[in-house]
Structures are given as C-alpha cells and as structure tokens.
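In the form predicted on its own, a lone chain appears below as structure tokens.
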Amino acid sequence: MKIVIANDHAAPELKFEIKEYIESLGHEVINIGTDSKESCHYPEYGEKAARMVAAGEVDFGVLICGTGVGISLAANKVKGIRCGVCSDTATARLIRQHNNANMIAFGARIVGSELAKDIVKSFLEAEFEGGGRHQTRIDMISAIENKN
C-alpha cells in the first residue's frame, strides 16, 4: 500500500518514527508533513494529505498534530474523506471495519510512540466489513457531504 503521512510542528519526531514503522510493514510512505518544530498551520498539511487520498494517489493517510483533532477536522473538509481521531487500537480497527475510514489521526501530545505504532497497525490491518448497515451509514454521510 501507499500511505501519505502529514504532521504539524507538534509531531516531527513521532512522524519519523511512524514513517519508519509503516515502511517496516512493507508499505510505501510519502512524507508531506513538516520536519521542523517551527510553528506552522496543521490545516495546510491535513488538506494536502486528504486531497492525495481523495484523488487516489495514495491508499490511506496518517495525520499527526498535538491532539489529532485539528488536522483531522481539516482533512474531513475534503470530499470523500473519512478521518477519525484514535487514541486506542479498538477505535482504529473499528473506523476501518464500520466506517471505511481512509485516514487516521492521533495526537503526539496524547499517545506515545509504541501506542501510535499499534494504532497504525490496527488501522492498516483492518478491512471494511462492507454492505449492510455500515454501507448505508457511509452513504448517508456522503449524502450530507454532497448537500454542501
């Protein structure tokens, strides 16, 4: 799989650690986040990564900011993106299985590096359960998105 990773100034160290970890799982990683701790604006990185996912340039996206919330909000403004903030492995697995999430976010100030690796692994290994109530709900979300 090809995965984009993006971050703001709160997470360059964690980003590099997660990038290396994803590569160790056999995936290609495209780094579009900042490599610096100099203050920057997470919406720019969240949007850029989300546009790559929405365009099909990559399979999934991993976003990291201080809490994961801000960068995920920016990503979710891009049509076709379903990004959830995860601080545990169960949520990471379930957003793929039930919501067919195509991006994940977490906070460098919230989770440590080992938990972040477990979260990413759970997300990448899970598969959408497809059909039924899950697809109905995703279709409902898409309908809301298309009203805008």
Ligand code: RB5
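Heads up: residue numbers just count along the shown sequence, starting at 1. Since this is a predicted model, take the numbers as computed values, not measurements.
One more form of this protein exists, namely the form predicted together with this ligand; it is left out here, but the text below deals with it.
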Item to check | Contact test in the model of the complex: Ile30 vs this ligand, heavy atoms, 4.5 Å | outcome: no
Checklist entry - Is there a heavy atom of Leu115 no more than 4.5 Å from a heavy atom of this ligand in the model of the complex? => result no
Checklist entry - Hey, in the model of the complex, is His9 touching this ligand, heavy atoms inside 4.5 Å? => result yes
Checklist entry - Taking the shortest heavy atom distance, is Gly80 within 4.5 Å of this ligand in the model of the complex? => result no
Checklist entry - If contact means any heavy atom within 4.5 Å, which of 45-53, 64-72, 117-125, 22-30 contacts this ligand in the model of the complex? => result 64-72
Checklist entry - If you look in the model of the complex, which residues in 96-127 sit within 4.5 Å of this ligand (heavy atoms)? => result Arg109
